[in-house]
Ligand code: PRP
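What follows is one chain in structure tokens, specifically the form predicted on its own.
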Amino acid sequence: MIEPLTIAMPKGRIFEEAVDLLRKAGYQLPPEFDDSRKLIIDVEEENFRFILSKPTDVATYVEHGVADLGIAGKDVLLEEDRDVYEVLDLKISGCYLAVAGLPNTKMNDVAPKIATKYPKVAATFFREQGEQVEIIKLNGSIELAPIIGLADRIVDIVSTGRTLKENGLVEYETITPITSRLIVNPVSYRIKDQRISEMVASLSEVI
């Protein structure tokens, strides 16, 4: 029997949109697939094995070869810098990374503080602007940082802008657009190249 193609998928919005895309590309995913609480799901009809994980872990699984392919947000790929091949922009779960803060405020002249879940992306962006900043890594509720005086600005994902607005914040700069990408383990790309190429071709037709 041919070894299954193992695909790491993030839970949540990306998962739902990716499943829809795979079905449009002709893959037979059972209805119960959408509501399963399992972390590993085998789809024998397609000889697929899916690993469901946190979005930030997908690229790690692919890099280390426990998954042949994965679907990951460009934000994660920019921040994590994993050894994977980015083979296709799936054009799903669109959003962007932006700099935001309280309205009508200036950044501190000496080492302004930037709170973010994306320290590498933020540091690179401000360095390219010729600004020296102090990065404060947070894992949740980034919007709080300017409100409580922890930071001058935040760098975060923006989808509709509603969360910023509800917390009294405004956007100052857009850093980069974000969509979800199909990524591949370099070794898998050589060993299972035919099946992976077929999937890339099938998905490309429906994007």
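Counting begins at 1, following the sequence as shown. Predicted model, so just to flag it, every value in this text is computed and none were measured.
We do not show the form predicted in complex with the named molecule, though everything after this point is about it.
- The candidate site formed by Arg13, Gly140 and Glu143 is fully in contact with the named molecule in the predicted bound form, as each residue has a non-hydrogen atom within 4.5 angstroms of it.
- Heavy atoms within 4.5 Å of the named molecule in the predicted bound form map, among the stretches 162-170, 39-47, 62-70, 23-31, onto 162-170 alone.
- Residue contact with the named molecule in the predicted bound form: Ile51 places no heavy atom within 4.5 Å of it.
- Residue contact check for Lys120: none of its heavy atoms lie within 4.5 Å of the named molecule in the predicted bound form.
- Among heavy atoms of Leu150, none comes within 4.5 Å of the named molecule in the predicted bound form.
- Residues from 169-185 do not approach the named molecule in the predicted bound form: none has a non-hydrogen atom within 4.5 Å of it.
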